[in-house]
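In structure tokens, one chain follows: the form predicted on its own.
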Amino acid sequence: MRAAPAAGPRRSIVWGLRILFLVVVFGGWALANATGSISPIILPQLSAVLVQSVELLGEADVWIALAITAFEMIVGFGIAAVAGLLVGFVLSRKPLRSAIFEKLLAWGYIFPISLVYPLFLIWAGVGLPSKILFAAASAFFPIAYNTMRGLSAVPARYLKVGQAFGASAQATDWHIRAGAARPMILSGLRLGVSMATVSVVLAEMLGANAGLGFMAQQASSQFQIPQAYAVILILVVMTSLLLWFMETLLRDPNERLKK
């Protein structure tokens, strides 16, 4: 209970530094516009971008695109989370399975999956399915890998204690193994959220017919630079809120009590 007061100042400092960072970024942007040191084609007027952002938020098409992008991210991550947790759990049950598939999952983890995105377009077209599948495939590997590693690394003494108290196999899996591996599993889920978010935006820019990424790509190709920046700004705000929401859901209950 005594540690709670100390957490407040730390959070205030963190938020203060975040706000300072934004002030520096936007201040530098405005200064670059005022001095004319950077071409408007590269960095448009900040005021024009903000005005364009407000105008876009008043258009129904933007909200439809935002809903599509958010839907692709959430569904893609949901599929990856279910599949990754299940695969990681099954592989962790036997040491031989872990040894066989650990390197394969690690390879999938670090492989630049964007290189094979054209295959997703061939398989599922340019609509929602290809974006969802691409996001799910991107997020699956970090979730499955971290789940398997976390469950496989549970100390044997924890399992022996459970056996000594007569814990069933289900109780051992849920309360002992999953509890001990929770930090690593949550780490994999957090990485999966980020991967799904980035993958959806990238997929919409590379080949799509809807979504905020598609709108940003269209505006850029037509040299509507302020509009392109405005769409990107809306996209950044939307994805930040979505990541914050998912991070809140994935946060350890003990961390919530500390805060």
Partner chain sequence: MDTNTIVLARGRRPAIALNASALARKATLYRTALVLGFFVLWELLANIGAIDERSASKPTAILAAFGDMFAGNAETYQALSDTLYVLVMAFIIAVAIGMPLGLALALNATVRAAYMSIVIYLLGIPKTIFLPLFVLFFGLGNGSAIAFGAVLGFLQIAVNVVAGVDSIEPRFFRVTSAFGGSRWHSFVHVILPGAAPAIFAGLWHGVRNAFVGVLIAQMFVSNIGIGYLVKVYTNNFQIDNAMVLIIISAVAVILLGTLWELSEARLTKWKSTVRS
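Nothing here was measured: the structure is a model prediction, and the numbers come from that model. Numbering follows the first chain given and starts at 1.
Although not depicted, the form predicted together with its partner chain is the subject of the following passage.
Contact check for Gly127: every heavy atom lies farther than 4.5 Å from its partner chain in the model of the complex. Looking at Tyr109, you'd find a heavy atom of it within 4.5 angstroms of its partner chain in the model of the complex.
When contacts are judged by a 4.5 Å heavy atom cut-off, Ala70 does not count as touching its partner chain in the model of the complex. Although the partner is absent here, Val198 lies within 4.5 Å of its partner chain in the model of the complex, judged by heavy atoms. Taking a 4.5 Å heavy atom cutoff to its partner chain in the model of the complex, the contact residue among Ala48, Ala30, Leu43, Ile64 is Leu43. The contact with its partner chain in the model of the complex, taken as any heavy atom within 4.5 Å, belongs to Leu104 out of Leu104, Val90, Ala153, Ala83. Note on the interface: of 112-120, 135-143, 180-188, 75-83, the segment with non-hydrogen atoms within 4.5 angstroms of its partner chain in the model of the complex is 112-120. Shown here without its partner chain, the chain has Ser220, Ile225, Tyr229, Ile232, Leu235, Val236, Thr239, Ser240, Leu243 in 218-249 lying with a heavy atom within 4.5 Å of that partner in the model of the complex.
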